[in-house]
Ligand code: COI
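Single chain ahead, by itself, as structure tokens, in the form predicted alone.
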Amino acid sequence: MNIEWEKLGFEFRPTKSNLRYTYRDGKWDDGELFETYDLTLSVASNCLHYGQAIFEGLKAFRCQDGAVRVFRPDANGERLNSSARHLLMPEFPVERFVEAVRRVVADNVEYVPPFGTGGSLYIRPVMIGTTPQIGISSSLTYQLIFIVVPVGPYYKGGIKPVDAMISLDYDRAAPHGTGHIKAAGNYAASLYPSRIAKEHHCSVALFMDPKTHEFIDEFGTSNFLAITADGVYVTPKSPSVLPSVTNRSLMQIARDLGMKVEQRPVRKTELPGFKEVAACGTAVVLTPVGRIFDGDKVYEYGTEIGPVLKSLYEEMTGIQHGIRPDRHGWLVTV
């Protein structure tokens, strides 16, 4: 293994192992570690034809004291089960989910980037329906696979602001349908408008509500948050928005710092009045947005991260890396 930790991007690379569980005859097996990344499926597998597939994303960190800790795996286990219920897939007990995360991270612990490099070990659980079938019904068998990948920042440049563009493709403006379908991790419908945004030299698309196009939903990769002129943390409340563990955590951190938090419908017309804007999620953490393009309009929020977002970012990453107190018991030691 020869990894330049400081140069890591956000892309797949094989590690030592992945952990796989199989569901058959109404129960999950005990799971097995595999050192291959190949998977054999029938061409008639349910996941390929009818989309019974969900995933999660979370991270493990090498902390200042040398220990490896995972950030809020129980919350991701709960969200996986919310997705599973919606798509008629079997739930995986949260306590087993947390133990599976610890098991796969422990087996790949040498791939957790060193403290101070800015990297982390990204954990991607994915559940798929594997029964061969051509009739429309839920699968009888499933696999739940835990993949781990060492990663750096999702957007190059650390916490420098990125540009966003309001999606012009309103037919795809709600890429994930309802909140639960979004939680199921189906990003395919956002690929086309995201490509349009990148063709306009923007890092990410910002989606409005699909009915009126007047309310902000979220970015193509992450949740939307903003700081008002009087220091209020504002984030959209919408059935199309992923219930982000990162956003929930940042809202709690904001309250801990004495800020007022509002999760409510957010009108597009509020964009000019915000002082700071950011994208937040497991992959992007908290990434400031410098400009939002809306047709011939441009809303500007600065060329550096703002003071409120900086304080939130430092508190969040400080907790994750064991530098600041974990007041809410969010970290699980491997």
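Counting begins at 1, following the sequence as shown. All of these numbers come straight from a predicted model, not from anything done at the bench.
As for the form predicted together with 2-OXO-4-methylpentanoic acid, it is not shown, yet the points below apply to it.
In the model of the complex, 2-OXO-4-methylpentanoic acid sits within 4.5 Å of a heavy atom of A283. Heavy atoms of F293 never reach within 4.5 Å of 2-OXO-4-methylpentanoic acid in the model of the complex, leaving it off the interface. In the model of the complex, at least one heavy atom of R124 sits within 4.5 Å of 2-OXO-4-methylpentanoic acid. Contact check for Y154: a heavy atom falls within 4.5 Å of 2-OXO-4-methylpentanoic acid in the model of the complex. This chain appears without its partner; in the model of the complex, the one residue of G302, G31, G51, G57 with a heavy atom within 4.5 Å of 2-OXO-4-methylpentanoic acid is G57.
This chain appears without its partner; in the model of the complex, the one residue of S82, T141, Q263, T221 with a heavy atom within 4.5 Å of 2-OXO-4-methylpentanoic acid is T221.
Considering 2-OXO-4-methylpentanoic acid in the model of the complex, the lone stretch of 193-201, 116-124, 86-94, 208-216 in range is 116-124 [heavy atom distance within 4.5 Å]. Although 2-OXO-4-methylpentanoic acid is not shown here, in the model of the complex the stretch 1-33 places heavy atoms of just one residue, F10, within 4.5 Å of it.
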